[in-house]
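First, one chain by itself in structure tokens, the form predicted alone.
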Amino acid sequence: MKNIVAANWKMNFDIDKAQSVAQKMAEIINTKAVDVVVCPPFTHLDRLDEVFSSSVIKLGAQNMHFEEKGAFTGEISLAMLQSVGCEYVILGHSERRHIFYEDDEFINKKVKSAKKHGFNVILCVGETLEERKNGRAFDVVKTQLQKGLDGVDRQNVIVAYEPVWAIGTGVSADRDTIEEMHKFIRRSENDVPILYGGSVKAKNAAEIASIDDVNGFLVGSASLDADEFKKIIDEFIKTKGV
């Protein structure tokens, strides 16, 4: 089972700051024990491809459109992403689902298109706080998996469990919650790496990594600091013994 630690920079950094942080990451991160992926804003991909080209760090995108080309103002195609060195793409992130109203069927089209073009797909799933309080967490995640991966070969698919209520809040889900949901996902997706995302930091990375079915992290704000991101990677490697 592949282990992955991915950084989602979201809508942060101008190009010069992005290059500076990326260069530091390229200098201090040299492990091959896990796949390290950085997903910056679209505008930074070309520059960061140059920075990471001689490092172990792989480049990913935060989103894409499923069509090859055409009249889709403001969208980015997979061919465009490939031309700037992208190997991974994040799909179905809760911010895309809840802010931009992307549903499971729309996300499934993206997953199929990304797979067709040879990308590694990080499919995000997770429940809101209201859904958890109403006892619907497992049903929500099950539906997101079934519809998002309908008709999809699981090769090069990664699932990231990100409880919506833990993203960007500074409050990670507790160990029991993470372990329970990862076991639930594993029962249906036995052959895919399962990442945890949601306020991952260096100080909680070891505890989360100690859970058997956690195969890595999708890191948000903590990945904006090169040193913190490296510490998270190091904690994961040390805890897993990989």
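Residue numbers run from 1 along the displayed sequence. If you're wondering where the values come from, they're calculated on a predicted model, not measured in any experiment.
Beyond what is shown, the protein has a form predicted in complex with a small molecule; the following relates to that form.
| Which listed residue (I167, V157, V140, V84) meets the criterion of a heavy atom within 4.5 Å of the small molecule in the predicted bound form? | Contact with the small molecule in the predicted bound form is made by I167 alone.
| With the partner removed from view, which of 158-166, 107-115, 72-80, 128-136 is the stretch that lies within 4.5 Å of the small molecule in the predicted bound form, judged by heavy atom distances? | Flagged stretch: 158-166.
| Does S199 reach the small molecule in the predicted bound form, with heavy atoms at most 4.5 Å apart? | Yes, S199 lies within 4.5 Å of the small molecule in the predicted bound form.
| Does at least one non-hydrogen atom of K230 fall within 4.5 angstroms of the small molecule in the predicted bound form? | It does not: once the small molecule is placed as it appears in the predicted bound form, K230 has no heavy atom within 4.5 Å of it.
| How about E95: is it within 4.5 Å of the small molecule in the predicted bound form, going by heavy atoms? | Yes - in the predicted bound form, heavy atoms of E95 and the small molecule come within 4.5 Å of each other.
| said: How about Q19 - does it come within 4.5 Å of the small molecule in the predicted bound form, if we only consider non-hydrogen atoms? | reply: Contact check for Q19: no, nothing within 4.5 Å of the small molecule in the predicted bound form.
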